[in-house]
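Okay, here we've got a single chain as structure tokens, the form predicted on its own, with questions on binding and movement later.
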Amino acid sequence: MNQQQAAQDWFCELRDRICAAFEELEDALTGPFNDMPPARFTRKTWDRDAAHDGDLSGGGGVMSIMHGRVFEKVGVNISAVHGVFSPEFRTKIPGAEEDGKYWAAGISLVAHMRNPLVPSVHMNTRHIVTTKSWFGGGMDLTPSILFEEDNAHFHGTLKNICDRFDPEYHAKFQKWCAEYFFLPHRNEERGIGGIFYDYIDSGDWEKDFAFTKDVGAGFLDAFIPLVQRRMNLDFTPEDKEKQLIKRGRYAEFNLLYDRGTTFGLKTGGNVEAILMSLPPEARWP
């Protein structure tokens, strides 16, 4: 099996693990919204518009979407696409400057929760090949109401993952996350951060792939306990208002600054999948 196929297969396996774990949470709810039936993911396959980049374009992906009683809206998307970057875009991608050719695969997840005491979360990992080859990804948490023990658990889990590979990874990737998920026009961070990394190419592909796999698998360890801790708690109208305002900030970042959104739109991706990250409801009071 070649490297690209191995990465693509892993993203599919991780998708299946996450969807199963999220459906188990839907079944386990006993608190607010328990009068609703537990939800299940529905999948929708999309094929890339081959005309976007000419004969060298292709690929597609699968959207897994659920609207439930724990997860108001969650998408777990996988894709694998290849083609040629436009002349103006290829200069921004390492290794694509000469001919613009690329291959990219990954998994992207965003969850917006019904209970405002449960934080929103984002995770993605990806493998990109031009004349160079690298991994990128990470995860970050966006609570509407901050609980310090949740903060400690989330960041502690990520540090443990990073430390298994390089003692400098966590501080470096945590800083990168804080700088990336920042809204300049608001002068505020999107949430409480996490880790973000890109262009990981140590020269040892297996090690870099193993790190990206551990980040993906570790997402469940970082996030599931937070949902279990908060999803059955009662909340106030004021809590819900805070959540809706925070979702507005989330939408602003994803539409204005998110590189994944730009990459998807610039390479002829599926618009529905690209904009999956937007919340189902938000407020700008």
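Note that residue numbering follows the sequence shown and begins at 1. A quick note: this is a predicted structure, and the numbers were derived from the prediction, not measured.
In what follows, reference is made to the form predicted in complex with a further copy of the same chain, a form of this protein that is not presented.
Among H170, H122, K73, R126, the residue placing a heavy atom within 4.5 Å of a further copy of the same chain in the predicted bound form is K73. The candidate spot formed by E13, A21 and P37 is out of contact with a further copy of the same chain in the predicted bound form: none of the three has a heavy atom within 4.5 Å.
For the chain shown alone, F33 is not a contact residue for a further copy of the same chain in the predicted bound form, no non-hydrogen atom being within 4.5 angstroms. In the predicted bound form, no heavy atom of R17 sits within 4.5 Å of a further copy of the same chain. Residue contact with a further copy of the same chain in the predicted bound form: R229 places no heavy atom within 4.5 Å of it.
Remark: A251 counts among the residues lining a further copy of the same chain in the predicted bound form, judged by a heavy atom distance of 4.5 Å or less.
Stretch-level contact check against a further copy of the same chain in the predicted bound form with heavy atoms at 4.5 Å: of 178-186, 209-217, 93-101, 149-157, the positive one is 178-186. Counting a residue when any of its non-hydrogen atoms is within 4.5 Å of a further copy of the same chain in the predicted bound form, there are no hits in 130-145.
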